[in-house]
Ligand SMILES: Nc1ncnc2c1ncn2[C@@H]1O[C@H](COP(=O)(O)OP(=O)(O)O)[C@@H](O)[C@H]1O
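A lone chain, given as structure tokens: the form predicted alone.
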Amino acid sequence: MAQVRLDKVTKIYDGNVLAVDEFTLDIQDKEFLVLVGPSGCGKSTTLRMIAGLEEISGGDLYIGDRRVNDVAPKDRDIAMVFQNYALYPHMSVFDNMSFALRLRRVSKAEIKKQVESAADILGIHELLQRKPRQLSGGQRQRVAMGRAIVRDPKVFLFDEPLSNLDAKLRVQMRVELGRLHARLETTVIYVTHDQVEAMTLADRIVVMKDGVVQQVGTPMDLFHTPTNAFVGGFIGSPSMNFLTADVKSEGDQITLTGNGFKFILDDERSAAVRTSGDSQIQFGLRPLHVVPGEPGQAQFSARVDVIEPMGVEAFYHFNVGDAAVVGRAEGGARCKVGDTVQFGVDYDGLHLFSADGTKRLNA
């Protein structure tokens, strides 16, 4: 396996369209790294530059100690699994998986050994003589992964491999991908727009927006300390709630006021807001920190518009002023739609950002 290093890697398309802006990162040997972000953020373009399918406009790309900017894809010792599987429809599963080995003129005995070993790992041994049209979506994806495994590459690249699968199968394949990574001990770079996939699979996550890296960290780093409002809103389900507040100084403490709320901050958060010097800020609260019927460190009352019962928990939707907010109740719904409910807010989950959301204020 190998380390992958990107040093100010940039992609500019015709018409001076900037797709990826100076992407810099060291990806460690055997690491499972996930690139995540909304459509058009540059994550797939970054992956394709690593694969050699897109020309690099600027910067340097290394796989191991080798600079590969001008190295052909077939010579980079990587394997890529695509969203659409990219299987040859006229070939059997065995022939699809063995195709790259046959191009290398590997012996028939060694091809059979490697294909059957990969098929056993993926549980598709009984499918080896079938054609792709005879397979389900999940089976086709396993074949595509098997084709990558038999090449024994230094780096595996996955471009939204689960997006064509139904919800239940996606969960199953996520688990299988995690097991596969642990078994093969490979370097994996994985692209998805699904933050649940990112949170459950990644050793580290790269969040991108408009071609720019917003934050790199472990799933829990991004969940608990997002560097800006975009990351806070993108990571976590349901999404983080955001409200805009005016900053008022009352003695040693700071008060955040807005339409429908007034929060008196503790010393630590007061100091963070005072240091920023902002007269208005944006703050975020995850639904798990907005709890109906709990005293909390701050409170507000609101009329419940929608309740989503989820079995062991329920999500309450309501408005605070002009802002839509979601709260969470453990154990299921405790009220009905139309009720006015007192919600408690846990300050440990209060994320303070600059008014434009680009900078985090509290530690």
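Computed from a predicted structure; not experimentally measured. Each residue number is its position in the shown sequence, starting from 1.
Form predicted together with the named molecule: not shown, discussed below.
Only one segment in the set 314-322, 43-51, 301-309, 327-335 has residues whose heavy atoms sit within 4.5 Å of the named molecule in the predicted bound form; it is 43-51. Residue contact with the named molecule in the predicted bound form: Ala19 places a heavy atom within 4.5 Å of it. Heavy atoms of Pro38 reach within 4.5 Å of the named molecule in the predicted bound form, making it an interface residue. Although the named molecule is not shown here, in the predicted bound form the stretch 174-199 places no heavy atom of any residue within 4.5 Å of it.
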